[in-house]
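Okay, here we've got a single chain as C-alpha coordinates, the form predicted on its own, with questions on binding and movement later.
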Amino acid sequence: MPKQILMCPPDYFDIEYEINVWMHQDDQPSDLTAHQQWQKLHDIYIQQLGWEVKQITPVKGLPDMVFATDCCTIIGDKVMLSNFRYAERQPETEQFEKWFLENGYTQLKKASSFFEGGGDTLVFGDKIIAGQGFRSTPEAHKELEDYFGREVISLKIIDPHFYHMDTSLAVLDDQTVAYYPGAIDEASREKLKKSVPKLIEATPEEARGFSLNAVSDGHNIICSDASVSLLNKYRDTGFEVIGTPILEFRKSGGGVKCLTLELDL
(Lines give C-alpha, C1' and ligand atoms only; values in the text may rest on other atoms or scores of the structure.)
Protein backbone atom coordinates (compact mmCIF):
# COMPACT_ATOMS: atom_id res chain seq x y z
CA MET A 1 0.00 0.00 0.00
CA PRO A 2 1.20 3.57 -0.67
CA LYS A 3 2.34 5.61 2.27
CA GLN A 4 -0.12 8.00 3.84
CA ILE A 5 1.01 11.40 5.03
CA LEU A 6 -0.55 14.60 6.36
CA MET A 7 0.51 18.08 5.26
CA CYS A 8 -0.62 21.60 6.06
CA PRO A 9 -0.52 24.21 3.26
CA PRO A 10 1.68 27.26 3.96
CA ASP A 11 -1.13 29.80 3.54
CA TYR A 12 -0.19 31.62 6.76
CA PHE A 13 3.50 30.73 6.92
CA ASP A 14 5.70 33.62 7.99
CA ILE A 15 7.90 34.65 10.92
CA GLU A 16 5.56 36.13 13.54
CA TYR A 17 7.89 35.40 16.48
CA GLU A 18 11.38 34.09 17.21
CA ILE A 19 11.61 30.81 19.11
CA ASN A 20 14.71 29.25 17.52
CA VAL A 21 18.00 30.56 16.20
CA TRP A 22 16.90 30.35 12.55
CA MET A 23 13.92 32.66 13.02
CA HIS A 24 14.33 36.41 12.42
CA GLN A 25 11.34 38.67 11.96
CA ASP A 26 13.40 40.91 9.69
CA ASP A 27 14.01 37.95 7.34
CA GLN A 28 10.54 36.97 6.19
CA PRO A 29 9.99 34.06 3.79
CA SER A 30 8.70 34.76 0.31
CA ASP A 31 5.07 33.68 0.14
CA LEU A 32 5.40 32.71 -3.51
CA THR A 33 8.63 30.74 -3.03
CA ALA A 34 7.29 28.95 0.07
CA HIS A 35 4.14 27.90 -1.78
CA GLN A 36 6.18 26.71 -4.77
CA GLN A 37 8.55 24.67 -2.61
CA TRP A 38 5.70 23.18 -0.56
CA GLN A 39 3.75 22.31 -3.72
CA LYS A 40 6.78 20.64 -5.30
CA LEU A 41 7.22 18.45 -2.23
CA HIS A 42 3.51 17.65 -2.23
CA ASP A 43 3.70 16.68 -5.92
CA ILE A 44 6.79 14.50 -5.38
CA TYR A 45 4.83 12.45 -2.88
CA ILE A 46 1.84 12.00 -5.17
CA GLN A 47 3.21 12.02 -8.70
CA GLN A 48 6.67 10.46 -8.29
CA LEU A 49 6.07 8.11 -5.37
CA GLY A 50 2.33 7.42 -5.57
CA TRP A 51 1.75 8.22 -1.91
CA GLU A 52 -1.54 9.47 -0.49
CA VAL A 53 -1.40 13.02 0.85
CA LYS A 54 -4.08 14.25 3.23
CA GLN A 55 -4.33 17.90 4.20
CA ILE A 56 -5.34 19.80 7.31
CA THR A 57 -6.75 23.32 6.94
CA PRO A 58 -4.24 25.96 8.03
CA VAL A 59 -5.26 28.52 10.65
CA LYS A 60 -4.41 32.20 10.58
CA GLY A 61 -2.15 33.14 13.46
CA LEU A 62 -0.53 29.68 13.60
CA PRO A 63 2.32 30.07 11.08
CA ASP A 64 4.23 26.98 12.26
CA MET A 65 1.21 24.72 11.82
CA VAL A 66 2.73 24.07 8.38
CA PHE A 67 5.26 21.85 10.20
CA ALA A 68 2.75 19.03 10.60
CA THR A 69 5.17 16.45 11.98
CA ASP A 70 5.52 18.42 15.20
CA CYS A 71 1.89 17.86 16.21
CA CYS A 72 2.28 14.35 17.59
CA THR A 73 3.94 10.97 17.52
CA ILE A 74 1.76 8.40 15.78
CA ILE A 75 2.43 4.66 15.70
CA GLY A 76 -0.29 2.39 14.40
CA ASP A 77 -3.61 3.76 15.61
CA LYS A 78 -2.19 5.44 18.73
CA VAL A 79 -1.43 9.15 18.81
CA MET A 80 0.50 11.08 21.46
CA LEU A 81 -0.31 14.75 20.94
CA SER A 82 2.30 17.40 21.52
CA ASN A 83 2.56 19.67 24.53
CA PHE A 84 4.47 22.55 22.95
CA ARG A 85 7.00 24.40 25.07
CA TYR A 86 6.27 27.82 23.59
CA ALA A 87 2.86 29.46 24.00
CA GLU A 88 2.92 30.59 20.37
CA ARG A 89 2.61 26.98 19.17
CA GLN A 90 0.38 25.51 21.85
CA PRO A 91 -2.93 26.19 19.99
CA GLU A 92 -1.76 23.92 17.16
CA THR A 93 -2.44 20.84 19.26
CA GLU A 94 -6.18 21.50 19.40
CA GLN A 95 -6.35 21.88 15.62
CA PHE A 96 -4.59 18.57 14.97
CA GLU A 97 -6.56 16.78 17.68
CA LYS A 98 -9.75 17.88 15.93
CA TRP A 99 -8.42 16.55 12.61
CA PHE A 100 -7.56 13.17 14.09
CA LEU A 101 -10.97 12.80 15.72
CA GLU A 102 -12.73 13.77 12.50
CA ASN A 103 -10.68 11.17 10.61
CA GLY A 104 -11.51 8.22 12.82
CA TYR A 105 -8.67 8.17 15.33
CA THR A 106 -9.85 7.29 18.83
CA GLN A 107 -6.68 6.55 20.79
CA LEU A 108 -5.35 10.02 21.51
CA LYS A 109 -3.33 11.19 24.50
CA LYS A 110 -1.77 14.59 25.06
CA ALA A 111 1.66 14.51 26.65
CA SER A 112 1.81 15.78 30.23
CA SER A 113 5.39 17.02 29.88
CA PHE A 114 6.78 19.30 27.23
CA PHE A 115 6.90 17.21 24.06
CA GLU A 116 7.05 18.14 20.38
CA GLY A 117 5.96 15.05 18.50
CA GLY A 118 7.68 13.99 15.32
CA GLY A 119 10.06 16.90 15.65
CA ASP A 120 11.74 15.05 18.49
CA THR A 121 10.83 11.40 17.77
CA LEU A 122 11.71 9.00 14.97
CA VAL A 123 10.57 5.39 14.77
CA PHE A 124 13.51 3.03 14.32
CA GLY A 125 12.36 -0.57 13.88
CA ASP A 126 10.61 -1.53 17.10
CA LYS A 127 12.23 1.36 19.00
CA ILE A 128 11.81 5.12 19.16
CA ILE A 129 14.75 7.51 18.85
CA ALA A 130 13.83 10.61 20.83
CA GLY A 131 15.54 13.92 21.47
CA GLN A 132 15.34 16.09 24.55
CA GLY A 133 16.94 19.34 25.62
CA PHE A 134 15.50 22.35 23.83
CA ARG A 135 11.84 21.40 23.33
CA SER A 136 10.99 17.95 24.75
CA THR A 137 11.84 16.69 28.26
CA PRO A 138 13.20 13.36 29.54
CA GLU A 139 9.87 12.91 31.35
CA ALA A 140 8.14 12.91 27.97
CA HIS A 141 10.35 10.01 26.89
CA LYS A 142 9.02 7.97 29.83
CA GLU A 143 5.51 8.83 28.69
CA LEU A 144 6.40 7.58 25.20
CA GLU A 145 7.64 4.26 26.57
CA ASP A 146 4.56 3.77 28.71
CA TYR A 147 2.07 4.75 26.01
CA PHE A 148 3.54 2.93 23.02
CA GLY A 149 5.21 0.06 24.87
CA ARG A 150 8.47 0.57 22.99
CA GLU A 151 12.04 1.16 24.06
CA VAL A 152 13.05 4.79 23.71
CA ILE A 153 16.63 5.65 22.78
CA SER A 154 16.87 9.01 24.53
CA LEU A 155 19.37 11.50 23.11
CA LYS A 156 20.35 14.91 24.50
CA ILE A 157 20.46 17.72 21.93
CA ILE A 158 23.12 20.36 22.62
CA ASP A 159 23.29 22.52 19.46
CA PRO A 160 20.50 25.15 19.26
CA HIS A 161 20.65 25.12 15.46
CA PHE A 162 19.27 21.58 15.66
CA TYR A 163 16.73 22.18 18.42
CA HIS A 164 14.52 19.31 17.21
CA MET A 165 15.87 15.78 16.80
CA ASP A 166 14.64 15.52 13.21
CA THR A 167 16.79 18.45 12.08
CA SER A 168 20.00 16.52 12.78
CA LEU A 169 18.98 12.85 12.51
CA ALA A 170 17.14 10.80 9.90
CA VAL A 171 16.00 7.17 10.10
CA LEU A 172 16.58 5.76 6.61
CA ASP A 173 15.57 2.14 7.22
CA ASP A 174 15.51 -0.38 10.06
CA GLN A 175 19.31 -0.61 10.01
CA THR A 176 20.45 2.83 8.93
CA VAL A 177 20.47 6.26 10.54
CA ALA A 178 22.08 9.45 9.24
CA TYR A 179 23.03 12.10 11.78
CA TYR A 180 25.20 15.07 12.64
CA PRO A 181 27.28 14.02 15.68
CA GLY A 182 27.81 17.58 16.91
CA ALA A 183 24.09 18.07 17.53
CA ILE A 184 24.05 15.65 20.49
CA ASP A 185 26.27 15.05 23.51
CA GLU A 186 28.96 12.37 23.74
CA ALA A 187 26.83 9.97 25.80
CA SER A 188 24.10 10.16 23.16
CA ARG A 189 26.58 9.47 20.37
CA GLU A 190 27.69 6.33 22.20
CA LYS A 191 24.05 5.22 22.59
CA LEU A 192 23.52 5.56 18.85
CA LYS A 193 26.66 3.59 18.03
CA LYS A 194 25.48 0.74 20.25
CA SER A 195 21.89 0.78 18.95
CA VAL A 196 22.23 1.41 15.20
CA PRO A 197 24.04 -1.05 12.89
CA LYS A 198 24.73 1.50 10.14
CA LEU A 199 25.44 5.17 10.82
CA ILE A 200 26.02 7.85 8.19
CA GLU A 201 27.76 10.91 9.58
CA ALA A 202 27.08 14.39 8.24
CA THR A 203 29.45 17.32 8.51
CA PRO A 204 28.33 20.62 10.08
CA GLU A 205 28.00 22.13 6.61
CA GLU A 206 25.89 19.23 5.37
CA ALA A 207 23.65 19.41 8.41
CA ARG A 208 23.01 23.12 7.94
CA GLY A 209 21.65 22.35 4.47
CA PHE A 210 18.79 20.49 6.22
CA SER A 211 19.24 17.32 4.17
CA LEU A 212 19.08 15.36 7.45
CA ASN A 213 15.51 16.61 7.83
CA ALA A 214 14.42 13.80 5.55
CA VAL A 215 11.58 11.39 4.87
CA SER A 216 12.40 7.81 3.89
CA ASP A 217 10.32 4.76 3.02
CA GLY A 218 13.36 2.50 3.33
CA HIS A 219 14.19 2.85 -0.36
CA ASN A 220 13.54 6.47 -1.36
CA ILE A 221 14.87 9.43 0.60
CA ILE A 222 13.21 12.80 0.10
CA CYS A 223 15.13 15.78 1.46
CA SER A 224 16.59 19.21 0.83
CA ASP A 225 18.79 19.38 -2.26
CA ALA A 226 21.16 21.87 -0.59
CA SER A 227 23.79 19.37 0.60
CA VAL A 228 24.96 17.57 -2.54
CA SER A 229 27.71 15.70 -0.69
CA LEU A 230 25.24 14.28 1.86
CA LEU A 231 22.84 13.22 -0.89
CA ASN A 232 25.75 11.37 -2.48
CA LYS A 233 26.46 9.63 0.84
CA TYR A 234 22.85 8.43 0.81
CA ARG A 235 23.22 7.18 -2.75
CA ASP A 236 26.50 5.45 -1.96
CA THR A 237 24.69 3.51 0.77
CA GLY A 238 22.17 2.23 -1.77
CA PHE A 239 19.22 4.60 -1.47
CA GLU A 240 17.34 6.40 -4.20
CA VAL A 241 17.42 10.11 -3.41
CA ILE A 242 15.00 12.85 -4.40
CA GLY A 243 16.40 16.26 -3.54
CA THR A 244 14.09 19.24 -3.59
CA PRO A 245 14.49 22.97 -2.87
CA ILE A 246 13.02 23.63 0.56
CA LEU A 247 15.19 26.24 2.26
CA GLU A 248 12.51 28.93 2.42
CA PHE A 249 11.21 26.91 5.37
CA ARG A 250 14.66 26.86 7.01
CA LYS A 251 13.98 30.51 7.84
CA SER A 252 11.66 29.10 10.48
CA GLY A 253 13.90 26.12 11.27
CA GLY A 254 12.10 23.50 9.16
CA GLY A 255 12.48 21.26 6.13
CA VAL A 256 11.02 18.22 4.36
CA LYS A 257 10.48 16.06 7.45
CA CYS A 258 9.01 18.98 9.39
CA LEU A 259 6.39 19.49 6.68
CA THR A 260 5.46 15.80 6.58
CA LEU A 261 3.54 13.79 9.17
CA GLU A 262 3.69 10.08 8.33
CA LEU A 263 0.40 8.46 9.26
CA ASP A 264 1.34 4.82 8.73
CA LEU A 265 4.31 4.12 10.99
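One rule holds for the numbers: they count along the sequence shown, beginning at 1. The structure presented is a predicted model; accordingly, all values stated were derived computationally and were not measured.
What follows is about the form predicted together with ligand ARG, which we do not show.
Listed residues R189, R150, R89, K156 were compared with ligand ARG in the predicted bound form; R89 is the one with a heavy atom within 4.5 Å.
Contact annotation: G254 falls within 4.5 Å of ligand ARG in the predicted bound form, judged by heavy atom distances. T167 belongs to the set of residues with a heavy atom inside 4.5 Å of ligand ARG in the predicted bound form. In the predicted bound form, at least one heavy atom of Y163 sits within 4.5 Å of a heavy atom of ligand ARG. Ligand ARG in the predicted bound form comes within 4.5 Å of a heavy atom belonging to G119. Partner proximity in the predicted bound form, defined as non-hydrogen atoms within 4.5 angstroms of ligand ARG, places exactly one of 216 to 224, 63 to 71, 193 to 201, 235 to 243 at the interface: 63 to 71. With contact defined as any non-hydrogen atom lying within 4.5 angstroms of ligand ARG in the predicted bound form, the contacting residues in 7 to 29 are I19, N20, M23, given in sequence order.
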